[in-house]
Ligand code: HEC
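First, one chain by itself in structure tokens, the form predicted on its own.
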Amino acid sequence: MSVCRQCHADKFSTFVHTGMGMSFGLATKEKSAALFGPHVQVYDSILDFYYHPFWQGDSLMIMEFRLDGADTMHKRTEHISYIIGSGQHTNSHLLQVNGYLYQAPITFYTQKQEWDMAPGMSGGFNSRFGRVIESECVTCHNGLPEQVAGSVNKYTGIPLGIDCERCHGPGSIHVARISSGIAVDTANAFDYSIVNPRGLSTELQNDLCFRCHLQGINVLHPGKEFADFKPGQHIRDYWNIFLPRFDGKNDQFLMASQADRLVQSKCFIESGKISCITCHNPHVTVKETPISLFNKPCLDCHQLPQSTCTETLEVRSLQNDNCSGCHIPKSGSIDIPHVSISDHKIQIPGREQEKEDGKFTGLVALTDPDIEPVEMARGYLRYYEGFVSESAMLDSAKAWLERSRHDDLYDATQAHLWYLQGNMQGLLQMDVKMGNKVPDSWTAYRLGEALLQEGNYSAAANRFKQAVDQLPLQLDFRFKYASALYLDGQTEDAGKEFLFITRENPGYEKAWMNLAVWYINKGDVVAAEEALQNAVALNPDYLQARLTLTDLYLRTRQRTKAGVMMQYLLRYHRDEPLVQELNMRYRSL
């Protein structure tokens, strides 16, 4: 952006104040729009955790703690590296652990000026500090990051905000031409060294905006990445985006589904020429755009006074004929609490509310009108995993898959379906059929899970190794590989894998637990104790780690430490048989 600024200072000076320009930044006091103070806290009543955001010098911290009366029985504090969100609606918070990016569990909602659980983390779904931020997320909320090969959420370089190239494409050729004195009079000709979205067709203009403003179920094509898409291209060449449809009432929507709402509008359908930049200037923040500019496209078609508007002239006069304010009403979203946004389905007020509640009728692929059956099956599987875990979604995936061609994509999709159905026998048959030709890492992982449940630990380790070979820094794959090695008796190799995971991400609690067992079997009780303490410090509800640590204290006759652990176990897990057994041993120590 600093290079673009040299010639386009006017665009730069306004763009940096837009929602896109302010979409991502370092966690600084200047970036944060939140309120802070000693009494600011958020309580997760289901998991019984409190969260307190505070500044430690210039560092933003979030403390997680649990109370036992007036005593603090658990405390974990994480440093926040980035703030995601412009502050027009929210500030969410990301932590970076050795390059791995995760979301913190609380968000500041600026319109309501209050802290609450982050979107998707309330109601028992609090992943605490462990929500993985993959490229699908970060490439919409920011410029394109430098992702470490073989990982899903490890980055070496992260831009600070959406930049010029996200909408105008790579700029090196353009800059080189201008620097060498080759210029184009854009008043009379196109400059083909850079993308000007206004020169694209309406469809390609919308694909550019839909890239981030069409929130749905994204299903990548094999071998493609979200960062591959460039302005002027079709989304469907890289992935498909699926949205649910309902009969009857349809006035609820996701936060970033402006595109989905727009394409349902009669104005969009009948005109065939509306794009996002018909109403929006991407270089100017919405807050500083005059209402008259939003209304101009309306008045171009619905000219006054011959307009078909049914509102009285008196009311229209009082509202200064604000078409957009009436026909693009403000509303909440179903996925982000405490926000009010514009519903981009251009509508007659009250018409949506007159309809009855609708039932789910199926998914549609908004990016490809000629979608293949196997792609529809993949869409339903992702919808099941991410949104609606109902068997009907798997039934629909099965029906679409039965209409598909039998190719590599078919086999991988079939394996995915059987995995979600719990059909391990089907996966075992698929394992034999595929041999060494596994199409992707996730298929290898799913076959490994079936073999692990079957008790064939050696074969499971081989499948997990195939997954790790393709994504060596996907730590969940690596953990499963290490676990299979351990069960297969390859304990030394397993221990090295657990060590690798804890060094890559010291917050990976399950690796600490398994590493402790490895140390115990080697007779290194000091290292085992430290590993178990790490696991419990990360997650006070990690029962297996607490039981193992208590047993270790009892066997090494550390009665005081054992007593602290027993106090917790008796408070929260008194009825567990192993807790009762440990308590008897403690009392006799």
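This structure is a prediction, so every number in the text was calculated from the model and none was measured. Don't overthink the numbering: it's just position in the shown sequence, from 1.
The discussion below concerns the form predicted together with the named molecule, not included here.
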So in the predicted bound form, does any heavy atom of T77 sit within 4.5 Å of the named molecule?
-> no
Would K330 count as touching the named molecule in the predicted bound form under a 4.5 Å heavy atom rule?
-> yes
Report yes if any heavy atom of A392 sits within 4.5 Å of a heavy atom of the named molecule in the predicted bound form; otherwise report no.
-> no
Hey, in the predicted bound form, does G495 get a heavy atom within 4.5 angstroms of the named molecule?
-> no
Given the named molecule in the predicted bound form, answer whether the residues H8, R316 and P349 all have a heavy atom inside 4.5 Å of it.
-> yes
Among A227, L420, L299, L499, just one has a heavy atom within 4.5 Å of the named molecule in the predicted bound form, namely L299
Among A444, A415, L214, A377, just one has a heavy atom within 4.5 Å of the named molecule in the predicted bound form, namely L214
Have a look at 156-164, 452-460, 392-400, 505-513 and name the one stretch with heavy atoms inside 4.5 Å of the named molecule in the predicted bound form.
-> 156-164
So which residues in 1-40, when you check the named molecule in the predicted bound form, have a heavy atom no farther than 4.5 Å from it?
-> M1, V3, C4, C7, H8, K11, F12, F15, T18, G19, M20, S23
